[in-house]
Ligand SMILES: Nc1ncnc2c1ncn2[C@@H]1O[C@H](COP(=O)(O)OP(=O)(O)O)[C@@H](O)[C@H]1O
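The chain below stands alone and is given in structure tokens; this is the form predicted on its own.
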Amino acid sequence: MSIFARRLTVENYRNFASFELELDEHLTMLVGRNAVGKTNLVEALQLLTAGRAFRRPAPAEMVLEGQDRCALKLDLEGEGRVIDHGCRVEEGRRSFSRNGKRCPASGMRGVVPSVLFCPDDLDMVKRGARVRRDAIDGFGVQLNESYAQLEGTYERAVEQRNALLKEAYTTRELMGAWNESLAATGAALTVHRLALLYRIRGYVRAFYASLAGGEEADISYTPTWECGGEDVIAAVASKEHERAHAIEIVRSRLEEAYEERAEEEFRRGVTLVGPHRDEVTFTIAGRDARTFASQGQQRSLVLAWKMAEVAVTRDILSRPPLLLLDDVMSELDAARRTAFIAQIEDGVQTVITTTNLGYFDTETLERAKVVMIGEGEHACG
């Protein structure tokens, strides 16, 4: 059995005075012109399943113009449970609730994870490594609360260390304790990230080959402590009981790297070593896809990545995610649209936004629930 998103209700949210969306267990299509609010509804679904949204809206941006508050609610059902997730913005502050009880943003995670695919993702291969790191970490946060805690702790520690590096009174001796703490947290985050990346990697290779007629693709990870990374990566990719050993190796090498680059870090006032600067690279036939791949190859890689996220979610949580596809069909050629739609399994609840139903074949349309957006009395703008 699975848990499904049944109903999304919004009030004074973005461009909607009020709107209620009944979701199909399999495929829901949100159809309408540009700027009628389709992406806003996708944002609401992601916010109420992941605790954060891809546009990272400030609370004030979520409220309908002329109003001072907004409310969102998502009803979830399945496995003998009925759950509601809520989000409100009042007095410029955002708050979340689960079954009517206030909770942190993390309380939205874990019940029905969401995988989002939007047009910006199509540049994932050719943009900087931070985009690919964020893709791994954002996915990991939804799957594992320990991952979320590690990511948050590490980000705060880097910010504090950077502030200390900028202070005139700071010495290398003073940085010693900070280095030990940051290395421990950074090592744990690195190993968690590598373990997740290796799960994703296997599926990406398989899905890409199916999309590209057998062409080989891969993903590599290059840590900032550089040399000797392969033995750690191999340890992470092997048995779970070797994870502690891998963390210890990374911790030791991070501390060494902090010492080696201490003068440069003091001069620049920034932490130059750690998982926040590691490189993630896509390759096709052994060549860097960022430099050598065609636009079509790059987009096939991103499609494969998103399909891999769906598969890994099912593997880890024993349930599929909510798949959100925001206006990506217009960015793909006919062959890739067909290949991607064919990969969407019946057991994966999917929401697609589009301006044009002509992108879909008759069979897909017959099994979909089609909802017109922007034509009813409740939608503004």
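In case it trips you up, residue 1 is the first one in the sequence shown, and so on. Remember, it's a predicted structure, so these values are computed and weren't measured experimentally.
The discussion below concerns the form predicted in complex with the ligand, not included here.
**Student:** So, in the predicted complex, is Ser318 in contact with the ligand at a 4.5 angstroms heavy atom limit?
**Tutor:** No, Ser318 stays farther than 4.5 Å from the ligand in the predicted complex.
**Student:** Is Ser18 close enough to the ligand in the predicted complex to count, meaning some heavy atom within 4.5 Å?
**Tutor:** Answer no; every heavy atom of Ser18 is more than 4.5 Å from the ligand in the predicted complex.
**Student:** Check whether Ala35 has any heavy atom within 4.5 Å of a heavy atom of the ligand in the predicted complex, and answer yes or no.
**Tutor:** Yes, Ala35 lies within 4.5 Å of the ligand in the predicted complex.
**Student:** Just checking whether Asn40 would be counted as a contact of the ligand in the predicted complex - the rule being heavy atoms within 4.5 angstroms.
**Tutor:** Yes, Asn40 lies within 4.5 Å of the ligand in the predicted complex.
**Student:** Decide yes or no: are Glu180, Ala183 and Arg251 jointly within 4.5 Å of the ligand in the predicted complex, with each residue judged by its heavy atoms?
**Tutor:** Per the other structure, none of Glu180, Ala183 and Arg251 touch the ligand.
**Student:** Given the stretches 332-340, 62-70, 309-317, 44-52, which is the single one in contact with the ligand in the predicted complex, using a heavy atom cutoff of 4.5 Å?
**Tutor:** Selected range: 62-70.
**Student:** Can you name the residues of 136-174 that have a non-hydrogen atom within 4.5 angstroms of the ligand in the predicted complex?
**Tutor:** Read in sequence order, no residue approaches the ligand (within 4.5 Å, in the predicted complex).
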